[in-house]
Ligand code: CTP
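In the block that follows, a single chain appears as structure tokens, in the form predicted on its own.
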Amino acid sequence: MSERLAGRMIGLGVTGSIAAYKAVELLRLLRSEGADIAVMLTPAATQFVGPLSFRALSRHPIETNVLDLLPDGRIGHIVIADSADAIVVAPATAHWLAAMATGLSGDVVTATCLASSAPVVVAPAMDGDMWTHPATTANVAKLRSFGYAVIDPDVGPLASGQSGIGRLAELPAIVDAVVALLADRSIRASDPAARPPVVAPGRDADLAGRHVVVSAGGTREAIDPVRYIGNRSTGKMGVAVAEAALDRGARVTLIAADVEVTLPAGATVIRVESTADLRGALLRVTHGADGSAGYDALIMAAAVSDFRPLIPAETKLGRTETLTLDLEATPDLLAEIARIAQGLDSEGAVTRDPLQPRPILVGFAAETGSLDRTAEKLRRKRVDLIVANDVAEAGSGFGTDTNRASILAADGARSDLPLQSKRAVADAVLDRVAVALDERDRAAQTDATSEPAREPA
């Protein structure tokens, strides 16, 4: 695919809309077109998405304050204003539209636009009534009189729970608008020294802007109010995955069952106890508010009980010489989530739309003596990867700090890892997840740009 913005410097301004998280993906798309990106965040935008993700992906300092200076003493937003070929404000709130229309430079995005002669693309996102209010209409008209290209929002589900106009325009449409705007313009500042400086990328920046859900620990199934059926999982492997994902820039939701280790402070933690609790938590996070996929990757490292008492006692059972428990199998949670992701019913028939964008699903399989069953589990669960280990092997079982694992992929590939720390295993798994996500996004972008043009009605 040709890079339509090769050599261009684009200033990306992000304001305080709930759609701010989409700006990370917009940055990815602009970079895939060959653009160099410098990001500016209003104070409200930082409440929705942190500067770290943008810094990791853009490899430039992130501007959040008009008083910020670059390491060489230059004023950051002025450097962007002077070197950007175009400035994109996405999402743009009603507040920002009003400030820009009246020239109130109270934030770094407005100040950069005021200080620049570069063309500006504005993609608003807000509640429908806000968009159609006469004040907003007047402000948009004024921005268009400045020569700004304002991309009207789309119709669809909104953060308020209503449906109507106000959704941020589709990201490829924003990219296309930038390309069209710059088609006949020369590059303003081709010398890298005139642009914002490059910051060294971290090794693990490949999950910046991604949402990764990790389950960890062992579930407990009640026998009575005092006793339970459990397993030997300590949660070390799942927590190692969560910590590694955080260090690589991901937004992490950790669904923690019974764990014996400290949970990472940077993760959003959901505590669960039983398999039913874990199922409920997974179902709640699998869909976003707009019906899209709720995460980019799900890594099921929790040790889920395979059986539970058919009818738990409501009061403590008295001590007896023997006790017989009637057990039933618990549902296969990962297989259920995989069916939801692919739009399948319990029989494997297509009955609904699959999740978009398609999440990457990873399972863990604790085996004893042999990993021969793992390939069949991978097929049956319909997941992308399964990480299998022999828990009977010394140094590779529950509670250890090390693990010897094999990673099996849906395409038949297999990687047998040496005995190493659980953090190293976690990074090996995330290496494959990051590659799979990038391939997913490239395929989606290729599909979007290769669709044939429609004849006018």
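So that there is no doubt, residue numbering starts at 1 and follows the sequence shown. Remember, predicted model here, so these are calculated numbers, not experimental data.
Beyond what is shown, the protein has a form predicted in complex with cytidine-5'-triphosphate (CTP); the following relates to that form.
Taking the partner from elsewhere, Met237 is found to have every heavy atom lying beyond 4.5 Å of cytidine-5'-triphosphate (CTP) in the model of the complex.
For the chain shown alone, Ala302 is a contact residue for cytidine-5'-triphosphate (CTP) in the model of the complex, at least one non-hydrogen atom being within 4.5 angstroms. At the 4.5 Å threshold, heavy atoms of Phe364 reach cytidine-5'-triphosphate (CTP) in the model of the complex. In the model of the complex, cytidine-5'-triphosphate (CTP) stays beyond 4.5 Å of every heavy atom belonging to Ala244. The single contact residue among Val252, Val122, Leu334, Ala111, judged by any heavy atom lying within 4.5 Å of cytidine-5'-triphosphate (CTP) in the model of the complex, is Leu334.
In terms of contact with cytidine-5'-triphosphate (CTP) in the model of the complex, the residue from Lys381, Arg248, Arg210, Arg167 that brings a heavy atom within 4.5 Å is Lys381.
Partner proximity in the model of the complex, defined as non-hydrogen atoms within 4.5 angstroms of cytidine-5'-triphosphate (CTP), places exactly one of 283-291, 84-92, 364-372, 100-108 at the interface: 364-372.
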